[in-house]
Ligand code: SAH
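Single chain ahead, by itself, as structure tokens, in the form predicted alone.
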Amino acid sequence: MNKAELEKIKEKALKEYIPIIMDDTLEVIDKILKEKKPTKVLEIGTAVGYSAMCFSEYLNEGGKIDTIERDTERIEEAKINIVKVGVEDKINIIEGDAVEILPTLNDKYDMIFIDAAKGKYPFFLKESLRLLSEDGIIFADNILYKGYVMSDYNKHKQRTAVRNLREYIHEVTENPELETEILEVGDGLAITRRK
């Protein structure tokens, strides 16, 4: 893996305000992946491919990441980035809307990373639980969304996103079959495992 290229991609994304995984969030996930060594990873929301490239370092021998993205410009940029970093054999970009694609997938994944439309998190969760391997783990990024989710925030513009993120948190914390930890790293990270 070309770390220097990865660093350049990160800097460019930050400069252009492209939302990429925050360093402290990545640190938490890195620690878990170092131990877990997943073979199959699903990412919902590729953007420019930065997080998938970071995760690819921890894959088991022969492991693969499927990452879903609908924005065609981002897809093109991600493809170029993945080749630059030299991990094209580990990352498979699925082009299209996750809402349409997820129901068509039937693989089992050791890790699922949710980082896409916040208003769709409850749907992503339902599909992720279906696709999660027995001892798999789901990470949901930006779960506290600038602090709005835990406050009495009610501005019209973000209302749906905030309501759906709250619903996601409720689902993962109230479901007796799941064990969830919510960390205040980055913009909030929910880590969910089956009991």
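Note that residue numbering begins at 1 and tracks the sequence as displayed. Keep in mind the model is a prediction, meaning the values are calculated, not measured.
One more form of this protein exists, namely the form predicted together with the ligand; it is left out here, but the text below deals with it.
Checked against the ligand in the predicted complex, the residues V85, A98, I91, I112 give one hit for a heavy atom within 4.5 Å, which is A98. Shown without its partner, this chain lists L59, A47, L144, L132 as candidates; in the predicted complex, only A47 has a non-hydrogen atom within 4.5 angstroms of the ligand.
Mapping the unseen interface onto this chain, S51 counts among the residues with a heavy atom inside 4.5 Å of the ligand in the predicted complex. Contact annotation for I21: at least one heavy atom lies within 4.5 Å of the ligand in the predicted complex. Put simply, I68 is close to the ligand in the predicted complex: some heavy atom of it is within 4.5 Å. Although the partner is absent from this view, L105 stays clear of the ligand in the predicted complex, with no non-hydrogen atom inside 4.5 angstroms. Residues from 106-141 that approach the ligand in the predicted complex with a non-hydrogen atom closer than or equal to 4.5 Å are F113, D115, A116, A117, F124, in the order they occur in the chain.
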